[in-house]
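What follows is one chain in structure tokens, specifically the form predicted on its own.
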């Protein structure tokens, strides 16, 4: 407590002297990284899964019916206490189903294959190698880990929604109201934190599961339709899938370099 207060006083003093906001925010970040919060965040189990760059391949050929999508979405949302909002405009989504024409609008053509044109797709945060959301966040509430996962620190989020404006994939949701009353108590997961009103949230590639040696919930529920692994490892399942199949990514021309690939 004393160290935290001392750090705050130092930082506040720098701000009073007229030093720009970025150094002040960086100082806050450095102070937190060396505190108890950082230790808790970096605590992982002995069986933790590791990678240089986590990535995902979604095989759309195995996801064609509503019954194929429902268990995958439910597995993710139940694991992360995603609320079921009654109003559409307040909906919170970590992973959801979307039409091809909305996911790959820039690839539409009047001669497009009929199957592809009507293809339903799973969409989520792309955990980009060059995430625009991280650059836009003024408090470092959203940040990229060394293994490529783009994370959210709910305690740092001030609800400015700059990250949502910067994300070209619509992969973030904002809590316009307290989400806790809308969480199914029968499916509540006590091992994952609930959020509060006024913060942004999104998919985290199940970082908490990777820390204890488990694959993402959506991967386990997909029955082989979703493959997850290290994009930097030529021997990984995800690299094998990329090598043996033609894949596409969302809006690659933007330079964000998404880590989620689709086999169509």
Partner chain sequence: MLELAVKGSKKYWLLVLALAGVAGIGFLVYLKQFSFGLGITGLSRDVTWGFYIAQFTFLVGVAAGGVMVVLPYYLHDYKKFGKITILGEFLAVAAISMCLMFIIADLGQPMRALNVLLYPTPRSMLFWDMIVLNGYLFLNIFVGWIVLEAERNGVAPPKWVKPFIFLSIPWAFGIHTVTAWLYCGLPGRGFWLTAILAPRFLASAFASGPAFLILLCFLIRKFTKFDPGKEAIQTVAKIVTYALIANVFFFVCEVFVAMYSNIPEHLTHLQYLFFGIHGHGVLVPWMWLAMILLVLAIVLLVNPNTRANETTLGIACAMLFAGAWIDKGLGLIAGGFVPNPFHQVNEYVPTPMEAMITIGVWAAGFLVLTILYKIAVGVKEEVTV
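Residue numbers count along the first chain shown, from 1. Since this is a predicted model, take the numbers as computed values, not measurements.
Just so you know, the form predicted in complex with the partner chain exists too; it's not on screen, but the next bit is about it.
Interface residue among 137, 73, 79, 119, judged by heavy atoms within 4.5 Å of the partner chain in the model of the complex: 137. In the model of the complex, the partner chain sits within 4.5 Å of a heavy atom of residue 199. Looking at residue 112, you'd find every heavy atom of it more than 4.5 angstroms from the partner chain in the model of the complex. Of the heavy atoms in residue 248, none are within 4.5 Å of the partner chain in the model of the complex. Contact between residue 254 and the partner chain in the model of the complex is found at the 4.5 Å heavy atom cutoff. Proximity of 93, 155 and 165 to the partner chain in the model of the complex is complete: all three residues have a non-hydrogen atom within 4.5 angstroms. Residues from 92-106 that approach the partner chain in the model of the complex with a non-hydrogen atom closer than or equal to 4.5 Å are 93, 96, 98, 102, 103, 105, in the order they occur in the chain.
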